[in-house]
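Coming up is one lone chain in structure tokens, specifically the form predicted alone.
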């Protein structure tokens, strides 16, 4: 970002070089390469198939639990299960699920305009990926039922 530094003064590099301070994200580049290699080995179609199956399974599971409302049911959506439980704040859901060994996100998910449009302050969100299983979704379902029991 600089051309030279001395006690007499500093001169900055020309654009765009003066905006490229520091060491490049070498670890990030290597990690991205390994992620691409991993997904290529499995096959992107297999990844999509697995995530779609998990989403269908998880959606049916949550729909069967009284008091759970799934937010976002577009026909072609990714492996995201956003939900709310009647009378329970999403941050409380996240805390109790965490104690049950289930990791979710709770909040506005950097989508405040959408949340405002939906008329909600926050949702709970389970993100599904190639590394998840139906057993983990069953664990999510049990933890949600426990949350409802504890907060009722």
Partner chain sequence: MSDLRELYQTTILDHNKHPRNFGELPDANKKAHGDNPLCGDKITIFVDVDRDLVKAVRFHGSGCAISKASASMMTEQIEGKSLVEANELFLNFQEMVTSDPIQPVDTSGLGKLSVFAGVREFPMRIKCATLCWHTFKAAVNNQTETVKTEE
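Residue numbers count along the first chain shown, from 1. Nothing here was measured: the structure is a model prediction, and the numbers come from that model.
The same protein also has a form predicted in complex with its partner chain, omitted here; what follows describes it.
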Exercise. Within a 4.5 Å heavy atom cut-off, is residue 91 in contact with its partner chain in the predicted bound form?
Worked result: yes
Exercise. Taking 4.5 angstroms as the cut-off for heavy atoms, does residue 150 touch its partner chain in the predicted bound form?
Worked result: yes
For this session: State yes or no: in the predicted bound form, is some non-hydrogen atom of residue 125 no more than 4.5 angstroms from a non-hydrogen atom of its partner chain?
Result: no
Exercise. Residue 50 near its partner chain in the predicted bound form, any heavy atom under 4.5 Å?
Worked result: no
Problem set entry | in the predicted bound form, the one of 55, 96, 111, 62 near its partner chain [non-hydrogen atom within 4.5 angstroms] | 96
Seminar exercise, completed: Partner-free chain; cross-checking its partner chain in the predicted bound form, the single residue of 66, 100, 46, 37 with a heavy atom within 4.5 Å is 100
Exercise. Okay, which stretch from 37-45, 66-74, 100-108, 23-31 lines its partner chain in the predicted bound form, with non-hydrogen atoms inside 4.5 Å?
Worked result: 100-108
